[in-house]
Each structure stands twice: as structure tokens, then as C-alpha cells.
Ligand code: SAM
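Only one chain is shown below, in C-alpha cells, and it's the form predicted on its own.
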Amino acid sequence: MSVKKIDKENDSWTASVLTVTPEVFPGTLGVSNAGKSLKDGLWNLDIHDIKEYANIENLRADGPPAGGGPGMILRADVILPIIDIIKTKADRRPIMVMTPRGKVFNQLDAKKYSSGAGVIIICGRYEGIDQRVVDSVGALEVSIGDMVLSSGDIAASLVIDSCVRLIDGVMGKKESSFEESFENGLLEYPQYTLPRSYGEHEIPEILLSGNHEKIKKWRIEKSINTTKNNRPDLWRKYLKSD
């Protein structure tokens, strides 16, 4: 599947990505429902190679950290001109910088950004991005969790996927998202399928009973227990919201 630059006059939800490794994309975004809907034009992926722009301008894409230290920093005088090319005055998409020091992206954020025109994401690499990029364009610093990755490309793919799957027509069955983890503040209950018995493990009898009220109650109890055990922070938040 080819990835092409998109004219933002197109009404489809669009993710513009600035990266030094454009070959990473579409990656997982090019398969399954996300890939099919990308091919069908339900959303667009617009990839910009940071190194390509730097080469045109006879600049290096990165430089050593001011004040000393290891690694290299992506330069503001390379990143910001690309943003100027992408983002016209009519383009209201938020600009995100993927960084472990950012606000953790969650399902509420995915819902918020999936309902807009799309996102512009700057993928860090090496030791990060010159802070003047963030300050100049008011970029949102976004993290996917308490970890450090080799690049922002992986994090960007996760953010884009979480938004794309909420766009009308992308998922095969819209109502299937209503009972997923985080939708009601709890983690999802355990799921089972065929065969009924496998080794010493069987599908819980209540799920085969046909009693939908009991099944619903069982699922709620399992969601609560799973959330308590796996994410006590979410459980405390759920209690407060309730």
C-alpha cells in the first residue's frame, strides 16, 4: 500500500506524521480494519520525511544537546518549516509531539481527536526534539505510558490506531466498542470461544446458560475484579466518578 501526501481540503480524517524513518509507516496501520479503511479513503495517512527536508535545505536533521550530554536532538529549523508547509490557517488539527514526558494518552483523548479533522504528529528520535518546536506551535506533549521507546513512530501508530478505529465505518460492528476496556471506566471482562472444553479448562457454565441477566451480572463482576487486581489506579478513579 502506498502512502501519499494529502491535500487537507479532503474531508477525511487525516494523520500527518513527521518522522526520520518514514519506512515504518503504514506498518500495522496498513492491515486489518485500519488498513482497509485507509485504502477505502475513510481516513488518510500523510507521511513527511524529516531527513528529506533537511537534505533539500543542506541542513543536518539533528544536533548535539545544548549544554552537553549524550545523543542528538532534532532541530527546530528543520521541523518548523515542515509544519508551516503542512498546517494552513484553515487546518485546525492539533499538533502532538510524542515524548515520554508528555501527558499520557487515553481512551477519552482518542474519542476527542477522532471526532475532529485529524492530528499532526512529530515523532522524536535519538534524544528528542528541540523544545522551541513545542513552544513555537503550542504542540501537545503526548506519552503512551511510563516507558522509553527507540522512537516516537511506535507511539504515533498507537495514537493513530486508537483514533481511527472510532471513525464511523472503520470497525466491523460499531456496538462492539461499547463494552471494551475503559469505555465505562472499567477493564473488559474475560472472553471465551470454541471449543467449549480445552484440556482442563472449560468455558464458565454461566456463559452457556442463555440467561442474559446472569451473564451481564457475571461480566460486570469480572470487570470489577479485573480492574481492582490489574489497575487499582483505575478502580480508585472509577469509585470517585461513581
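Residue numbers run from 1 along the displayed sequence. This structure is a prediction, so every number in the text was calculated from the model and none was measured.
The form predicted together with S-adenosylmethionine (SAM) is left out here; the points below concern that form.
Here the chain stands by itself, but in the predicted bound form one stretch of 78 to 86, 131 to 139, 100 to 108, 163 to 171, 100 to 108, has heavy atoms within 4.5 Å of S-adenosylmethionine (SAM). Looking at residue 144, you'd find a heavy atom of it within 4.5 angstroms of S-adenosylmethionine (SAM) in the predicted bound form.
In the predicted bound form, S-adenosylmethionine (SAM) lies within 4.5 Å of some heavy atom of residue 124. Taking the partner from the other structure, S-adenosylmethionine (SAM) in the predicted bound form has no heavy atom within 4.5 Å of any heavy atom of residue 90. S-adenosylmethionine (SAM) is not shown here, but in the predicted bound form it comes within 4.5 Å of a heavy atom of residue 151. Contacts with S-adenosylmethionine (SAM) in the predicted bound form, taken as any heavy atom within 4.5 Å, map to no residue of 14 to 52.
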